[in-house]
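A single chain, nothing else alongside it, follows as C-alpha cells in the form predicted on its own.
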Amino acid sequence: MANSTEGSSVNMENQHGSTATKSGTRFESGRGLDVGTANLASSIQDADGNVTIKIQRNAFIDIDGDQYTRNMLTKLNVQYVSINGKMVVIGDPAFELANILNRETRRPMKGGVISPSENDAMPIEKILLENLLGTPNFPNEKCYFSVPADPIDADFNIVYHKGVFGGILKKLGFEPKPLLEGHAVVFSELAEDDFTGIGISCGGGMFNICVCYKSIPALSFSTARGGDWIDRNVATVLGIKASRATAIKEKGVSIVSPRNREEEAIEIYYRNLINYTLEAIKTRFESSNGMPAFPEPIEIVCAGGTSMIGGFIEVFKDEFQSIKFPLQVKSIRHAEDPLFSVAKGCLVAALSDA
C-alpha cells in the first residue's frame, strides 16, 4: 500500500464497493481510525491501493475570546471553535500555542481513555474526528477504531471509552467497529508472518500489547504507562512544564547517546518504561493458560509515536537481553510507519470486513 498524508473530500455515493470524488478518485469501502491519547489518525484506501492518512494532535487550549484575538486567529488561518462561551483552539495549533504561552494543553484523553476530568472532551473529539473522517462514502460505512486492552496496572475498563467513541462515529454516519490497538499493529505489520507475532503500540497514554497466532489474539493487555508518563516524570525532575518536556523529546533526541541533563532524564525514563513493558509481557505469558506453542521464533514489532524517539529499538533490544523471555524471538523491529501503523491496521480490518 502506498501512503499519502493528504486528505481527499469524499462526496459521491458508493458504487460496487468504492466511491468516486469530484477529482475522479475511487475509494474502497471502509475506514481506519487510530484513537490515540496524543494523536488521532484516519486512513482510507483508493481503488489503486494508495492509502491516504490524516493525522491531528489530540489536544486543545482555551484562550481569551476578545475580537482582536479572533481576528488574528482568522488572519493566521488557525482553527478555533466556541464551546460554552469560550474560544478553543484545537489540534496541532493548540500544542504550538501552549509552548509559546508556557501553558499546558488540555487533553480530551488521559491514560489511553476519554478523560473523566475534561467536561469539554466529547465535543472536542467530535470536531476533531469530523475533520479527520469527513462524511462516509455511503450510509453506515464501516469504521474500525482502535481501543486499548484492559490495563494490568490500573483499576478501570474500556467499556465507557469504547461506547463514547462508538457513539461519536454513529453520529457522523459510520458503523463503528472496535479493534484492540495491539491487534491493529499485528494486522498492519505482520502479514508476511501470517499475522503471527507480538504487536506493541507505544502510545502517549498506554502501551498496548497483543500476542497473536495466525491473526487470533492469544493474549492482549495494556499498561497504564506511555509517553505522557515519561513527560510527566521528566517535567517533575527538571522543573518544567510537561508540554515543554514533550517538545524536547520530539526535537531529535537519541536515548542511545543523551547529550545533556534533559536528554539523560528522558533516556532514564524510557529505559524504565521499556523494561517494565517487557517484564509485564513475560509475567503475563508465564501466568496465562492456553498460550499457543509457537512452532517457530516470532517477531516483535513496535509502533506508535512514543517509539519514534532516536535509539528506541536499540534500547528495546538491550533491555530484552537483560530478561529471560519465555518465547523464541527472531527479530525486534520498528513498524514501517510507526505513527500510522495502528490506523493502517484498522484499515486492513475494515477492508477485510467490507
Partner chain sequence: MADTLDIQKVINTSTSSVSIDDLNKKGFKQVKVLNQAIITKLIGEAVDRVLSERSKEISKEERDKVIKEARTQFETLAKKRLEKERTRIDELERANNSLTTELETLRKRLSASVEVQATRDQAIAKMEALESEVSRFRREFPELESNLARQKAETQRLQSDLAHRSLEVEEVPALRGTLQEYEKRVSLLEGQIKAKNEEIERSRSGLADPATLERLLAKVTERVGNGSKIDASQIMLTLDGMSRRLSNIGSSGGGLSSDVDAELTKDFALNALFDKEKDGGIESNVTRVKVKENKAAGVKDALAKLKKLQQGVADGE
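As the structure is a prediction and not an experimental result, all values here were calculated from the model. Positions refer to the first chain, counted from 1.
Form predicted together with its partner chain: not shown, discussed below.
Partner contacts here mean any heavy atom within 4.5 Å of its partner chain in the predicted complex, and among 140-148, 236-244, 266-274, 95-103 they occur only in 140-148. In the predicted complex, at least one heavy atom of Ser287 sits within 4.5 Å of its partner chain. The shortest heavy atom separation between Lys54 and its partner chain in the predicted complex is within 4.5 Å. Remark: Pro292 counts among the residues lining its partner chain in the predicted complex, judged by a heavy atom distance of 4.5 Å or less. Using a 4.5 Å cutoff between non-hydrogen atoms, Trp229 does not count as a contact of its partner chain in the predicted complex. A single residue from the set Leu278, Ile248, Ala224, Leu179 has any heavy atom within 4.5 angstroms of its partner chain in the predicted complex; that residue is Leu179. This chain is drawn without its partner chain; in the predicted complex, the residue among Asn131, Thr283, Ser257, Thr135 with a heavy atom within 4.5 Å of it is Asn131. Using a 4.5 Å heavy atom cutoff, Gly167, Phe195 and Phe340 all lie near its partner chain in the predicted complex. Using a 4.5 Å cut-off on any heavy atom, none of the residues of 239-255 reaches its partner chain in the predicted complex.
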